[in-house]
Ligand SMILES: Cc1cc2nc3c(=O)[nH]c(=O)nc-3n(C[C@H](O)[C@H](O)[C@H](O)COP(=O)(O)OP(=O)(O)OC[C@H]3O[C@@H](n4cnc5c(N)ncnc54)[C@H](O)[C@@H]3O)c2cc1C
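Only one chain is given next, in structure tokens, and it is the form predicted alone.
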Amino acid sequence: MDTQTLKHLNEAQREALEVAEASRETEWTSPSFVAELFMGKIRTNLIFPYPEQSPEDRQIGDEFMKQLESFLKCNLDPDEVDRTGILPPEIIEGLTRLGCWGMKIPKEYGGLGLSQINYNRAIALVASYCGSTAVWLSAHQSIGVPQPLKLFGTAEQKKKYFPKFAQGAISAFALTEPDVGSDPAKMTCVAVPSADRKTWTINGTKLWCTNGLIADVLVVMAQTPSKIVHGKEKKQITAFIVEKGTPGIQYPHRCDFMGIRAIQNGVIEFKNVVVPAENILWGEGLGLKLALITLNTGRLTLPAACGGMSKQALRISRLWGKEREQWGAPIAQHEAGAVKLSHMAANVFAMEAMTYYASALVDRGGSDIRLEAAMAKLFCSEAAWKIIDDLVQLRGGRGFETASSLRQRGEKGYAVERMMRDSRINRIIEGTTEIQHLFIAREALDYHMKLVGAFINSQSSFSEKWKSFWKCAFFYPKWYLGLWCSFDWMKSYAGYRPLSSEIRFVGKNSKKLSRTIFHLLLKFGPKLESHQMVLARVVEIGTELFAMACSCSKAISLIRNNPSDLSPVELAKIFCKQSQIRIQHYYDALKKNTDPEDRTLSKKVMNQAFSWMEQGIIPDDGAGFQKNSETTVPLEEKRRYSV
């Protein structure tokens, strides 16, 4: 990150970007299909053939899935869980007996040691049935203690905590604070070392810590004493393992939410909480980097859950599309209903292809999945919301009515209303859609930033600028010319039939996207990072291309295993056609949009220039209903409503 990029920002923005930049993974030591795609290359060898699960691993997953499905169907009432906001103790115990809290714990510590694919299959299954239970399990294992402990824990830490999790101990991840979401520079939770540095004392408040109220073990992010680097103060954020029962931990509030109502999420206060120095994970100042790397894999749980919910939505839509008749025909036969079902099916196929492609890369190792995982989260959370919204529309009033109410009046109680409430959070947690856009854009621009960074940095020395200039001079002319004078159209894509034209489209548009990014860099320079809508459109194009490639790879793999069933190709083709339309829309919006006018209008709205539009409402000041003691209700009115 260079000075030119920072000088137009205020101090708070500058500090936030510096902290975030310092926590990034700065090197690309392993291959990434998406990273190459943004540079105008389509590395087909990275995505073809589709990395299928081995028969042995699939059998392990199949057997576990049968046990898990049987237990949930026979013991768990998801509507009761939603109504009461409680996951019954007997369910937690049953999940413990099945080993669900140790799905990702290595076998040598007593866990199940499931592959990433089988773990995600399990989460998808649970999410299709009960969103709250899925969050209990995923928050514990995807971003809770097990994942960072597996990646960064010492041998002693693993030996101490892994067996506990395998036996049913539950964990949580404490990062967010009342005034700190995706901006860790504002973190106020602090940890101070003792004089001998054998212990650390934590003080602060954490918010929205899922599983936090019942967790046996927490990962707590806290600001530790700053370091001076090159004469400048550098903030340090460190991860600590904190055990339940440690004096000073308080739980003042459990949060209630629109959906996933049974999760144990709330406020946790740390008042002079003392932890031993050996409970630091990875090292001092590495907490935020630990969190970001952990999320690379942890994020894959969310698209898996979105896929499970979306498959359930597709099934209900199919059944209802046949059952419900309007104007003499089932609603699925009317074009408006048919289009919804088509988009649902095509997008579910793409969601599965993306999720399990990235999951297979985790199991196989040797790949950088930071962009693949982020794109899977972005695409699947948005697609799932659209799918479930279309399901509600297909169901009409029945989509708005609760499942229990439907059953009480003799109809099938599809839990569509609960599904919508449970799914809305997916566009927010583990990085909002807007944050995903910025994260992916920053990684996509990484190679360019490394080339031109010193050249446009006003603080760089003459020799540094000179080296940067020659790097750019040697790289860009040849690279840019190659984006235009490509002979990809002459390449044979026969090996990808019957989806060769779709793969050719991905290759062609990877170059067009790369050219577009370069043109935007020339147009906006260092200020490109502030044009968030421009970056969002670029990211959406890349995400669609990645989804197309995954879908085609998956479809080709399926028909090669079963040549008599061409339905995967049909799904991939229609998804690619739908995706191409969306891609063209994003390209058009880069050239013709109202972004400047929107920014101007927004400032006027914030300055109350249009406050006259707020007349005629009862203002909500956030205080809730306040009874006015001077207001009295006549006795006759009280009697009228006393029955």
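It should be emphasised that the depicted structure is a prediction, and the values quoted were computed from it without experimental measurement. Start at 1 with the first residue shown and count on from there.
The next section is about a form of this same protein that is not shown, the form predicted together with this ligand.
Contact with this ligand in the predicted complex, defined as a heavy atom within 4.5 Å, holds for exactly one of Tyr493, Tyr447, Trp208, Tyr480, namely Trp208. This chain is displayed alone, yet in the predicted complex one of Ile260, Cys550, Met351, Ala127 has a heavy atom within 4.5 Å of this ligand; that residue is Ile260. For the chain shown alone, Gln532 is a contact residue for this ligand in the predicted complex, at least one non-hydrogen atom being within 4.5 angstroms. Proximity of Glu502 to this ligand in the predicted complex falls outside the 4.5 Å heavy atom cutoff. Using a 4.5 angstroms threshold between heavy atoms, Gly399 stays clear of this ligand in the predicted complex. Proximity of Asn265 to this ligand in the predicted complex falls within the 4.5 Å heavy atom cutoff. Contact with this ligand in the predicted complex holds for none of Glu36, Leu513 and Leu521, as no heavy atom of theirs lies within 4.5 Å. Stretch 435-443 is the contacting one of 435-443, 318-326, 286-294, 243-251, since its residues have non-hydrogen atoms within 4.5 Å of this ligand in the predicted complex. Of all the residues from 405-437, those having a non-hydrogen atom no more than 4.5 Å from this ligand in the predicted complex are Ile425, Ile428, Ile429, Glu430, Thr432, Glu434, Ile435.
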